[in-house]
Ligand code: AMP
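In structure tokens, one chain follows: the form predicted alone.
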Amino acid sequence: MRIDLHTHSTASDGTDTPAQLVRKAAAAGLDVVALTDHDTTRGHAEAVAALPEGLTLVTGAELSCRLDGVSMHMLAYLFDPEEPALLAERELVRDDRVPRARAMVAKLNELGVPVTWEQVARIAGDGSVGRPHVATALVELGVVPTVNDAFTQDWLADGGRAHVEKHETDPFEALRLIKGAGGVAVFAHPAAAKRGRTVPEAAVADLAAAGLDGIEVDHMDHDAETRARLRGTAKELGLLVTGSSDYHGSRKTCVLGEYTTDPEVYGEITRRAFGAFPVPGAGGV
């Protein structure tokens, strides 16, 4: 059983529509895939409608959080998408994305980069605009060779010359909201240092005491030594260990199913959740 619990579609910053994503997941031999767009559940209905027979969809979202000035992401699985408190917080984060992206465009213009808001908006399409869309604009202009090369101190990394902070949820509040909506919470790529500053691993114990269910260990941004260390942390704290691709379509080099989650861990996630249930494929449309 092959399970990938972290993917993105055009509802946020992926390049595949939700329908394309679930079809590609089935073609890649996955049995279970989670759709976890940034701060939105807008792609879920399309993914469910297109879900191929034999593939199960886990609905979720990747919530933008900040702890002591450090940006972090919380994967929320199988929560009630209409629960008012969590819905209001997601909308608050999402609504801040446009002014933030506009401010990054302005900073880039000050640095002599001829990027425009119209270009970034075109790239984002109907998705929730974010740094990857600005990064793609830099690639189009030949400023950097790849999207990943835009996430440096020269450009868009946390604290970089063109970086602009956004509204992000306190992770302890995020845990309260996720649990209140019947969901399960997993700390996404907690040691992905190449993205910028990371939350100290000592803080994971505090998050675990506050209700964190697991940590994403097997991820393309964690080397073998880091994965081993995180496994030790998870064992010590009684946390679930997940693995996933963090697939973004052609925007990143990761592929569906590059890293996967143990079926027993997936079973425990579904047992803990009560806000929503995994959706089995019925053949799609």
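Since the model is a prediction, treat every value here as computed from it, not as a measurement. When you see a residue number, it is the position in the sequence shown, counting from 1.
What comes next is about the form predicted together with adenosine monophosphate, which does not appear here.
message = Within 4.5 Å, heavy atoms only, one stretch in 172-180, 117-125, 211-219, 96-104 touches adenosine monophosphate in the model of the complex. Which?
response = Every other range fails; the passing one is 96-104.
**Prompt:** For this chain shown on its own, do Arg23, His44 and Gly249 all sit within 4.5 Å of adenosine monophosphate in the model of the complex, going by heavy atoms?
**Reply:** No: no residue has a heavy atom within 4.5 Å of the partner.
Open item on the list: Under a 4.5 Å heavy atom criterion, is Asn148 part of the interface with adenosine monophosphate in the model of the complex?
Closed with: Output for Asn148 is yes: heavy atoms within 4.5 Å of adenosine monophosphate.
Requested in this report: Report yes if any heavy atom of Arg90 sits within 4.5 Å of a heavy atom of adenosine monophosphate in the model of the complex; otherwise report no.
Outcome: No, Arg90 sits far enough from adenosine monophosphate in the model of the complex that none of its heavy atoms falls within 4.5 Å.
_Test of understanding: in the model of the complex, would Arg195 fall inside 4.5 Å of adenosine monophosphate by heavy atoms?_
Answer yes; at least one heavy atom of Arg195 falls within 4.5 Å of adenosine monophosphate in the model of the complex.
- Query: Would Gly130 count as touching adenosine monophosphate in the model of the complex under a 4.5 Å heavy atom rule?
  - Reply: Yes, Gly130 lies within 4.5 Å of adenosine monophosphate in the model of the complex.
Going by adenosine monophosphate in the model of the complex, which residues of 64-91 come within 4.5 Å of it through any heavy atom? If the 4.5 Å heavy-atom criterion is applied to adenosine monophosphate in the model of the complex, 64-91 yields only His73.
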